[in-house]
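Here we start with a single chain on its own, the form predicted on its own, put down as structure tokens.
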């Protein structure tokens, strides 16, 4: 499947998980805000924990880096103790929300149904969902990667029309590569991204070849492997975890992503 000349900004997302305290998150955001290498050629975002979202968003208010949440409830409001409403995220002025991360699925019982509800609720409220999908090691060994991804995507997009689907960032994060010493190989990741693009193209009659959909790779992305990943024709960006917590690594990856159109 060949790509055409459809142009969109490369993407650099940073998921901070629960690695930083609130003061550490504010300190890192302040350093990022002062960085001289950032530019608007990249669609970029950071995802802090809930307790510091508002403060980080204020720190980065004049920066090209946007802010999003790591999760949200599937209902607008109600008796959902401990959950966070999409209304609160919108009132804070956030732009993104991560949905369906493998840790949310495995540790906190996110299901295909709840993920679909969250995706639709986010889109209804003008938030950009970062939809995480990926296979575990057993599925990879059994060569069920495509099967797992198709189920993840079809269920998440149930009732989502073409124009809305184009807003979603599809984050391919193989579970077996998250938090490991090495990521998935660049060629392997590209082949999976090509399958995802072909699947999305087949789901919507309006699509020409799937180029309009945004698909990024996440799973042990580092300053050392980001360039090889960004060279791949079907990888639109990277979703970085722990490597985004160090400013030198953050800036190196940002620079690679910003120059990625010249790499392809």
Ligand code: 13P
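Residue numbers count along the first chain shown, from 1. Keep in mind that this is a model prediction, so the values were computed, not measured.
There is another form of the same protein, the form predicted together with this ligand; it is not shown, and what comes next is about it.
Which residue, 72, 94, 177, 131, has a heavy atom that falls within 4.5 Å of this ligand in the predicted complex?
Checking each option against this ligand in the predicted complex, the one that comes within 4.5 Å is 177.
Does any part of residue 56 reach within 4.5 Å of this ligand in the predicted complex? Heavy atoms only, please.
Close contact is absent here: in the predicted complex, residue 56 is far from this ligand, nothing within 4.5 Å, heavy atoms only.
With a cut-off of 4.5 Å between heavy atoms, is residue 239 one of the residues that contacts this ligand in the predicted complex?
Answer yes; at least one heavy atom of residue 239 falls within 4.5 Å of this ligand in the predicted complex.
Look up in the predicted complex whether residue 229 has a non-hydrogen atom within 4.5 angstroms of this ligand, and give yes or no.
It does not: once this ligand is placed as it appears in the predicted complex, residue 229 has no heavy atom within 4.5 Å of it.
Is there a heavy atom of residue 68 no more than 4.5 Å from a heavy atom of this ligand in the predicted complex?
It does not: once this ligand is placed as it appears in the predicted complex, residue 68 has no heavy atom within 4.5 Å of it.
Any idea which of 217-225, 25-33, 200-208, 48-56 reaches within 4.5 Å of this ligand in the predicted complex, heavy atoms considered?
Within 4.5 Å of the partner lies stretch 217-225.
Going by heavy atoms, what in 76-102 lies within 4.5 angstroms of this ligand in the predicted complex?
Counting only heavy atoms within 4.5 Å of this ligand in the predicted complex, the contacting residues of 76-102 are 98, 101.
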